[in-house]
Every structure is written in C-alpha cells, then in structure tokens.
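Have a look below at one chain only, the form predicted alone, in structure tokens format.
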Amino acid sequence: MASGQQWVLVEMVQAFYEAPAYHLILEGILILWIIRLLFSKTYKLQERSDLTEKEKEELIEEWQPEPLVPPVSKDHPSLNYDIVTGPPSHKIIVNGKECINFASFNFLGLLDNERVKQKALTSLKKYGVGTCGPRGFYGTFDVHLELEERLAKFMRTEEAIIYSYGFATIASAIPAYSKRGDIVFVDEAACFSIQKGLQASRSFIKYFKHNDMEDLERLLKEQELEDQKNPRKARVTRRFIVVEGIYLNTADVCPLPELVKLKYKYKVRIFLEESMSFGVLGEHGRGVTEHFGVNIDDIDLISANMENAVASVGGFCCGRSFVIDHQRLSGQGYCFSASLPPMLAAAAIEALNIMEEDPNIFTVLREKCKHVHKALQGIPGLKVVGEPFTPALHLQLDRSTGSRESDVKILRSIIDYCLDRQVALTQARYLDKEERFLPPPSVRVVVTVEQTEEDIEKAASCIREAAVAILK
C-alpha cells in the first residue's frame, strides 16, 4: 500500500516537470486568486453616522408611498354608468326613462318569459336563494344534474358541465387542459375571458391574424418544423387552437370547416367558445357547428355562457365524457366557486324547453338581425361591423379623431342622444391596459326577437339623426 502511494507521488512530480511553462503559470495564478478570495473581505464596512430622533421623524414625514392604484378621472366611463330599474326585457327603464332595449343580450326574449319566471319562482321556494358551497362540498343539487343532462342532450354530446359564472367557464376550461410548455394558437380577436384563461394556463401562446387561415397554417407549419428538431419534446407537448363561434369583439363567424381541416392535418385540438353563437346560429340553435354542418365530435371542447340566449347566469362546457370529467377535478371555477343557484338552473332548463319546442324562434332572430344590419347601412360617419346574421353588431367611427378618448366621448354622445329619444344602446367596454389586441371603440347594437319592425326603424332613424347632429 505504501509503495503504491510512493509511485503515485513520483508520477505527480514527473507530470509537474513535464508540464508546459504556461500551464504552470496559469495554475499558479489561479491558486493565488483562490487564496486571496478566501482571506480577503467581500465587503467594506462603511462608516455611518447615527441619525437623531428629530432627523428620523423629518425623513418619515417627507416619505410618500406610491399610490396603490393609478389615478383615475371621475369622468371615466366605467365610473359613470346608467342605472336600470326593472327587468332589461324588450322595454327597459334607464335612468328613470322607458326605452326600447337594443343593449341587453336577451337574444331570444326569454329573460321576462312567464314560463321561465314561474319555474324559477317554484325552484326558489323549494331550494332557497343560493347554494353556499362548491359542487364537491354539498353544492350539487338534483337540478344541476338535470341541467347538465339536458345541455348534453341539446348539443348532442356525451356530457356537459355547468359553471356558476359565465366569464369563468372558458377561463377555467383552458388551464384545465393546457399547461406550462403546451402551445396554444389563438385568434387575435379572442375575447377577454379567453385571454384570462390563456394567462392562467402559462402555456406558450401564438396569435394568428383574425380569421386568417393562411396565417394560422403558417404558424402550424413553423411549429411542425420545430417539432422535427426535437421529437422527444414534441411527443409530450399538447397543441390547441382556441377560437370563438361568433366573435364578441368583431361580430363575425369563425371559418370552422377550414379549422377542422387544419386540426387533422397538423394534429391539434380545437376549443370553441360559443357564448355569442349558442342559441343563435343553426336550425335548432346549437351554434356554429350546426350552422356549418360540422360534426360536433370534430370539436374537442365547446363552451358557452348561459347569460345571453338562455337569459340565465353561468356557463357550460360539453364534449366527450372523459374530456368533461377532467374539469370536475381541474376546472378552478367549478371546484372552488359556489355552484349555480338552483332557481337559475331551473330557469335555464325551462329556456331549453322553449328552444326545443319552438325552433322557429331562431329563424325569427336571424331575420331580425338581417333587418337591423340593413337598416344601419349608410349612416354618415359610422360603419357597421359584423355579419348580417349576428345579433350583436358594432358601429364604429368611419374616421378616428386620432385619440381613443375623443372617439369614446363622441360615441357616448351618440348613445346619450338616442337615450334621450327612448332608444337604449350601449358602448363596448374594454380594459384598455389589459387587452392583448385592443379593439376600436364602438357602439354595440343588440338584436332580439321581441323588437318589431317599427322599433328597428325608429332605432336606425335615431342613430342616423345622432350621427348627422354630432359628426358634423
């Protein structure tokens, strides 16, 4: 053992003598630097002079904390809202004045329907006002299960899940499936609830130009090339396309047949947000899949709120059972929010009954939409944005003033002009600093089945007069 150690020592001495001079110099410098670091102080103690109590008090008085929130003018539109008295049905009382309602998303006129109200009242007496618990903690009532079964049957899917808050539906569904490292291809015009869902997912987001399938395919091809460089990573990366049926911010329809082709070509999943198209498009109101004749099984997940056509509260997702069941474990809005009040679930069930009993209501709505779209054409200084069959159109300024704030004030003046003449319109609202792609300011004109031809002509005439008077 000793002879072996001596031999190693001899080898080390021999290697030392045979090493090049520059090598020995470099090692010597490194050894000296390490010794210096070990024995030198890493910082210098600075002399300080203790402050007197008076000086401390003066410094404290001078210090001003930064504001918790940025200053907001009291004239900000969000702080000055119109007050509604009574139900926002066909006629709505705004600031004490009765008006024709062109502002509420009550597309099918079910908000003030007697059958719906009676069912809600009966449920209120049976179950009480709320639930006071999430679905997993004594918040699952029999009426919730019935509504989920009815929605699945109506949409012709295997299963459905309901949420108590419409905004939280897609915002919870996206992060339930898409995680950090996954890739989501999203239309630039996606609504704010989708944006919040994407943010919560922490996935890699790629935006494509609005309804531009060539731009989407370009992104998909680029991703395909990236995947070929790292096939091991590609095998565990999930890819999604997220679109809306009818876009809330643009009032046009997604090209669903082309999206389905791209889905199978590039092996991605499609999430379809149908809050504006459910109960609107299709012969039976089943949405954009029925409108285009696309097999609903080609869509991996459909979500919609029940706050528009159904005139209730909350939202739902539907699809295959194994997809929906995952949300019962991972959908944050489902797991942690108090469940939908039973009276609102009962109201939604009765609304579905009416929709199934009278599918002609969807034809009537589409005809009214076309009428409104045509009546709004040619208004000086304003342009109509949206498809003729969509129930929530936008009126934008033909020429912007160059200032968003000024544009908003001009459009608000048009709304006030119409409100004084008993036509209730609304302005599209956005969180300016939060929106990924901020849409231009607009007046939103909402169509419902309850509006008569006389109402439509009156509203169009009023908007025209306002435009002539204000946009001189």
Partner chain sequence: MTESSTIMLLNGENCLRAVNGRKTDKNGFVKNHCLFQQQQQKYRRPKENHNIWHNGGLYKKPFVESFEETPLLVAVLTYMGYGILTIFGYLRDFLRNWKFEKCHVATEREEQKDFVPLYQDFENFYTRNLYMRIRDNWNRPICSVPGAKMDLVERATHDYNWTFEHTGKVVKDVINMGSYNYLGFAENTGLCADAATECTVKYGVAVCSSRHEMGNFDIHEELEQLVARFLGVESAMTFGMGFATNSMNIPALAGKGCLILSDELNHASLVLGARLSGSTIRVFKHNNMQSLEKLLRDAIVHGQPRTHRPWKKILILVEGIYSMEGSIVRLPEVIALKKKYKAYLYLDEAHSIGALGPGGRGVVDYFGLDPRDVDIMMGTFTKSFGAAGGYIGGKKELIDYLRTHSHSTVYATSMSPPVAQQIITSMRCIMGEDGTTLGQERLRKLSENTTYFRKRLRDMGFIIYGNNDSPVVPLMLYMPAKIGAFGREMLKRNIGTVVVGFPATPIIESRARFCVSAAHTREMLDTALNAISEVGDLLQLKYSRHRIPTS
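Residue numbers count along the first chain shown, from 1. From a predicted model like this one, the values you see are computed outputs, not experimental measurements.
Just so you know, the form predicted in complex with its partner chain exists too; it's not on screen, but the next bit is about it.
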Q) Taking heavy atoms only, is residue 425 within 4.5 angstroms of its partner chain in the predicted complex? A) yes
Q. Using heavy atoms and a 4.5 Å limit, would one call residue 185 a contact residue for its partner chain in the predicted complex?
A. no
Q) Does its partner chain come within 4.5 Å of any heavy atom of residue 192 in the predicted complex? A) yes
Q.
Contact with its partner chain in the predicted complex for residue 126, defined as at least one heavy atom pair within 4.5 Å: yes or no?
A. yes
**Q.** Residue (of 353, 223, 237, 211) lying close to its partner chain in the predicted complex, criterion heavy atoms within 4.5 Å
**A.** 237
Q: Taking 4.5 Å between heavy atoms as the contact cutoff, choose which of 152, 385, 376, 200 touches its partner chain in the predicted complex.
A: 200
Q: May I ask whether 78, 268 and 444 each come within 4.5 Å of its partner chain in the predicted complex, counting any non-hydrogen atom?
A: yes
Q) Thinking of its partner chain in the predicted complex, which stretch from 163-171, 359-367, 251-259, 280-288 has heavy atoms inside 4.5 Å of it? A) 163-171
Q: Select from 327-341 the residues with a non-hydrogen atom within 4.5 Å of its partner chain in the predicted complex and write them out in sequence order.
A: 329, 332, 333, 336, 337, 338, 341
